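This document opens with one chain alone, in structure tokens, the form predicted on its own.
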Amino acid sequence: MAIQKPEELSKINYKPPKTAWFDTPTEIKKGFFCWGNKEKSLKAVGFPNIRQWSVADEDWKLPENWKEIFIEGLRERVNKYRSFRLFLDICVRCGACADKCHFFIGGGDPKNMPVLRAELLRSIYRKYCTTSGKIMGKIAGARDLNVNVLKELWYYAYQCTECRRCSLFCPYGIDTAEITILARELLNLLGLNIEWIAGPVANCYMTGNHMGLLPHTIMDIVNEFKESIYQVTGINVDPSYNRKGAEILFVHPSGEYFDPNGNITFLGYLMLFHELGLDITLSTYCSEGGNFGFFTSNEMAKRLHSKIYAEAKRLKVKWILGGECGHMWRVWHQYHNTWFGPIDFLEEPVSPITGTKFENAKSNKIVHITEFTADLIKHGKLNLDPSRNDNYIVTFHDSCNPARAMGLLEEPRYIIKNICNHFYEMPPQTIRENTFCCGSGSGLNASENMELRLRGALPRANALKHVNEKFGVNTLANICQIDRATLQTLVDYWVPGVAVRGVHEMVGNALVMKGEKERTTDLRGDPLPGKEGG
């Protein structure tokens, strides 16, 4: 599908429809939705209603009793999750969240206002779970569930990246992302998933990572990475895998084995571990920190998350270090303890280099790589040459989940300011807790929904364009693999000339390793500043 030019796509019509939302039918537009799941993906994990289906078809091949399944599932979850019921009950439709969603800002569709997107499910809840809705119907904001209503709910549940920016502005503290999460869980009961989620879930369940990489493939890739590091530094790094008795298990997103931007970030990790001489191991069986199960149901998220601790127990490590990922950290910090409680077979993480106790990780026993590296820098344990990154004029994109779900705001900035000489912030209303989403999270990082993604990325791109024009910023740093994998395409469209980079890629560039040869290129093979003639 041809995409309009930026000057055309940025002309957004915010004029509301002439009819109320109840009476305004939803048109399912190409470019705004992802392909439906494949039969084999549902079968791999035992999801319900296994069949091949297409969003474009009139018949979505629902079970005969689909309506009963959905309503019973809704009642069950309303009774099970008090927060869910509360979020459905207390919204007064004040509109404080209305203009906070990146998809509404970039597209103008009123049903992408968080309040109205949630109302799509809330109206069904009123009809089947509240007395007022059963008696008063439409007057009480209730509506019958039919196929068209179901399709509308599906269409917009997969136009939310669960970034939670809207929740910042809700005076009642409603977390609209939680409503999307439960809406997707209900849709999953009918087999209404998307392949970009169902496929990675199936892969992760069978192989331990979203990419479906088998152990020998991972090792082949890592051997190539080792050769790349040797070419740049003259140093042989030798990461260990599946090693029992190591002190630390390192878990990272598997996209870093596959995506070019992720690859280079991974090189930075390996160089750091080698330079410090860490007693650390990776795993080919638990080779995924991300959790696409989180985008389908709580139970599937738990199943995929549990493998990390099972592997930590098998390898008898003391604690876990986690890489640059987004929703991996939301699962860990907001759900893990509710699902599994404090982990008692691991130790409270302590840096073997600085002796720092990471007391914030007492319960789940995992430390974020930027917490770990920032602590190293603070204690003067790394020899860094920030001039090696002088080709980069950097700004930092706060990835939604590390920023809003765990408050990881200062550590990445501290690192960047120590490894780069040129750093500029985007406007304050667009960073830190207020950060704008990349527009491709929560499983929406497909190609068939590119217009949706481009529109969703517009608010972030506007802030980036501001610092690009004012300060000459040419690098967008971040700590999320989804960001690294998806933002480059979106940035190329809206702000061409800006590169997307992981923070530990630039750490690897700046890190002066003991015994290294004179470097002439960065980790991408591009000449270092002052080495262009070499």
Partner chain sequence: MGILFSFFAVIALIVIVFIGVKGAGLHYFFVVIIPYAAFLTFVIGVIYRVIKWGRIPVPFRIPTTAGQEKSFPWIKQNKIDNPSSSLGVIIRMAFEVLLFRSLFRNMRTELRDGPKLSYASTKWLWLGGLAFHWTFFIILTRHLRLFFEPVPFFVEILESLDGFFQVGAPVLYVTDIIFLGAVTFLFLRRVIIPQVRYISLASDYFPIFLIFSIGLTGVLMRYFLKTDVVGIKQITMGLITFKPVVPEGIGIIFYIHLFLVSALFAYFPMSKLMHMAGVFLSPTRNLANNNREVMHVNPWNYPVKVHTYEEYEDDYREFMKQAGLPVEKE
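Residue numbers count along the first chain shown, from 1. Just so we're clear, the structure is a prediction, and the values are computed from it rather than from any experiment.
This protein has a second form, the form predicted in complex with its partner chain, left out of what is shown; the following refers to that one.
What is the one choice in 134, 381, 417, 80 with a heavy atom within 4.5 Å of its partner chain in the predicted bound form? Of 134, 381, 417, 80, the residue with a heavy atom within 4.5 Å of its partner chain in the predicted bound form is 80.
Considering its partner chain in the predicted bound form, which of 277, 234, 342, 260 comes within 4.5 Å of it through any heavy atom? When its partner chain is considered in the predicted bound form, the option within 4.5 Å is 342.
Is residue 353 close enough to touch its partner chain in the predicted bound form, meaning at least one heavy atom pair within 4.5 Å? No - in the predicted bound form, heavy atoms of residue 353 and its partner chain never come within 4.5 Å of each other.
Do residue 252 and its partner chain share at least one heavy atom pair within 4.5 Å in the predicted bound form? Flag for residue 252 set to no.
4.5 angstroms heavy atom contact with its partner chain in the predicted bound form for residue 440: Outside the cut-off, so no.
Check residue 155 for me: does it contact its partner chain in the predicted bound form (non-hydrogen atoms, 4.5 angstroms)? Judged by the heavy-atom cut-off of 4.5 Å, residue 155 is well away from its partner chain in the predicted bound form.
Among 186-194, 144-152, 284-292, 224-232, mark the stretch whose residues have heavy atoms within 4.5 Å of its partner chain in the predicted bound form. Residues of 284-292 come within 4.5 Å of the partner.
Does its partner chain come within 4.5 Å of a heavy atom in each of 100, 333 and 458 in the predicted bound form? Yes, because 100, 333 and 458 each have a heavy atom that approaches its partner chain to within 4.5 Å in the predicted bound form.
For 89-103: residues with a non-hydrogen atom within 4.5 angstroms of its partner chain in the predicted bound form? Residues within 4.5 Å: 89, 90, 91, 92, 93, 94, 95, 96, 99, 100.
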